[in-house]
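Just one chain is shown here, as structure tokens, and it is the form predicted on its own.
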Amino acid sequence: MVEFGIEFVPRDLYWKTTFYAIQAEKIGFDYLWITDHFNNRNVYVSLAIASAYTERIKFGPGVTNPYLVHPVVTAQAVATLDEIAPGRVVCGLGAGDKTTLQMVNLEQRKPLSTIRESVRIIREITSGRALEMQGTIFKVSGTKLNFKIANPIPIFIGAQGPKMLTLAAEIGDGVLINASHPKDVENAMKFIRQGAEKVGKKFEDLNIVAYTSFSIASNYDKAFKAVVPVVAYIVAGSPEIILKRHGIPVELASKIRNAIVHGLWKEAFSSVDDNMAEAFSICGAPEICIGKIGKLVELGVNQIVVGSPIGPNMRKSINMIASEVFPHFKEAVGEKRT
């Protein structure tokens, strides 16, 4: 069964994000993910407001990172959200975007250890237990929340590289594959299977999510124009091995990264071409998007996240997904709605 999630970036006024969340739930989305970047509105404030106007949709940060936000604070935040909307909260966690972290002079140090320890901290604290941990990255002594947590908080780990994908399968409840292209998802599945086998998990029990950059419109040019800024950030933060897989010169990716870091948006975005959009997004008219989603589902993905920018017009693009895309996956979505 395939589920659908939707990602919002809280750049807009809070009521717009909330309006889109209501719309997404109404048309049948199963998950709402809101990004956590310091230069946008606060993710937990945004989620709390959206939760008050929705009833069914599951939601959480997609994703937060332990370099900017200590995992103890993340545990506190998601546990508090679960009081507001019991049983609907999930936690998306990742190592963060190198380009964004560089803006505030933070080093993405030992990401595997950092994520492993963060997951343990969040899971223990949201389970209501006191935690003593002397880790490589985090040292926690007697930490415990002063309120009860009624529901377990599933942790989804954002991953792209082989080692992080393997780790995500080992310790996560779900894996958020930061990919839109079948080549990348097919490659990721090998490492997810390895991670699951390593700890005796059933591959079928994992929630495997394709966290895509998505742009749907009546024609390709409109969809491409909307997706360019997001693809630029993805190219800037992608590992060399993935860039080479798609024939994208490492030097060009570095140029885009440097332009973004220095706020040279025109230079960064003008370097994005059709090949980059093909590699790092699902972009185009409905029939193109349907075909690409179908390929990801065939590879074993059981949740498709329709990620930023969604399309050139948020409201119209969400409705287009409902009217044009969902019917091709009607059985899976319909089962979830009932």
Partner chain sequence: MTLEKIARNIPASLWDEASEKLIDITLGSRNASKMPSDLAKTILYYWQRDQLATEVGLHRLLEASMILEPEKTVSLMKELGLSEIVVMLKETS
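Residue numbers count along the first chain shown, from 1. Keep in mind that what you see is a predicted model, and the values were worked out from it rather than measured.
Not on display, but discussed next: the form predicted in complex with its partner chain.
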### Message
Quick check on Lys26: any heavy atom within 4.5 Å of its partner chain in the predicted bound form?
### Response
yes
### Message
I'd like to know whether Thr18 contacts its partner chain in the predicted bound form, with contact meaning heavy atoms within 4.5 angstroms.
### Response
yes
### Message
With a cut-off of 4.5 Å between heavy atoms, is Phe38 one of the residues that contacts its partner chain in the predicted bound form?
### Response
no
### Task
Examine Thr54 and determine whether its closest non-hydrogen atom to its partner chain in the predicted bound form is within 4.5 angstroms.
yes
## Note on the structure
Assert contact_stretch over 29-37, 291-299, 45-53, 60-68 against its partner chain in the predicted bound form, heavy atom within 4.5 Å, equals 45-53
### Task
Check, residue by residue, if Val73, Phe138 and Lys144 all come within 4.5 Å of its partner chain in the predicted bound form, counting heavy atoms only.
no
